[in-house]
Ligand code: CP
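Single chain ahead, by itself, as structure tokens, in the form predicted on its own.
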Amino acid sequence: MTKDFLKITDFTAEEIKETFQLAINLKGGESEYSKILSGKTVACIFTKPSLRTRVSFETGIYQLGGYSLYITDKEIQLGVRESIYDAAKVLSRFVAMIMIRTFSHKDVEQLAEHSDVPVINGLTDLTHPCQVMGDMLTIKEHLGKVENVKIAYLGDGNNVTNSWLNMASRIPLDLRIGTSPKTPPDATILKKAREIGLSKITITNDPNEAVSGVDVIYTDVWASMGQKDKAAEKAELLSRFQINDELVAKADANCIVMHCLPANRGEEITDSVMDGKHSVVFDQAENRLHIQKAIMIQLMRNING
């Protein structure tokens, strides 16, 4: 039976922690699974441009012994040139796994529903699970733990924010989301996370309240891909949530600062913070490789029993 990774809550808390440990082992040079994709092809579907997602997945697939097949929207046109059902069934005859980075989360859910091989969400407008899994790996490396970490997310209530809420549904966190009243995270995901009751979840319109004494300060661009026409509007709404030296000083003295990239330096984060002593931004980027390898191994192990 195949298992997919479309959102963080597709894994149990135990599976998430196992994935972190597997990624740490892989990063340390463990070679037990270096051929788990030997002789296999992974279809990588991209309808959005990518640096980290494409390079980290293609490199990871190669390091696990497999071959990465890069497919653009012009070639596949999911749901347009042919139905998602038909595309899923055809791809399942050729490849061992599908990774997709696209706009519509419903398209990815439909692809997974009809695919006979595992599907990984490389990003949708609703969630970005691989990013936040890699971020938690980075937090574990720098802070030595993942549970009960105080995290302030500042900025737009976007797919990354939603994935932090999903993480808070599996791992106990003190998660503070600092955003404007007009840019909240997904209401359904927020409600579910609060109903689960595992984590302390705070939504605040005050950036100072959000960062007070936290271990981690996190941000993303204010206008996500596909929303660049709203860039000026988002900047006006969110300018108070810029991560700068003054704001960082209100967090724990040993806090780390994170950004999922790409960054608009001077907007949501200043150069002095991004390049400063608290920043672990490029550790985050590297850890996309290790966590995604671990996710692929978990999904292949599920098939192989």
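The structure presented is a predicted model; accordingly, all values stated were derived computationally and were not measured. Residue positions are given as counts along the sequence shown, with the first one as 1.
Beyond what is shown, the protein has a form predicted together with the named molecule; the following relates to that form.
- In the model of the complex, no residue of the candidate spot (L22, N25 and T138) has a heavy atom lying within 4.5 Å of the named molecule.
- Although the partner is absent here, L51 is a contact residue: one of its heavy atoms lies within 4.5 angstroms of the named molecule in the model of the complex.
- Proximity of C260 to the named molecule in the model of the complex: non-hydrogen atoms within 4.5 Å are present.
- Taking non-hydrogen atoms only, K293 never approaches the named molecule to within 4.5 angstroms in the model of the complex.
- The closest non-hydrogen atom of N121 lies beyond 4.5 Å of the named molecule in the model of the complex.
- Shown alone, this chain has one stretch from 182-190, 128-136, 229-237, 203-211 that lies within 4.5 Å of the named molecule in the model of the complex by heavy atoms: 128-136.
- Along 91-106, a single residue, R101, places a heavy atom within 4.5 Å of the named molecule in the model of the complex.
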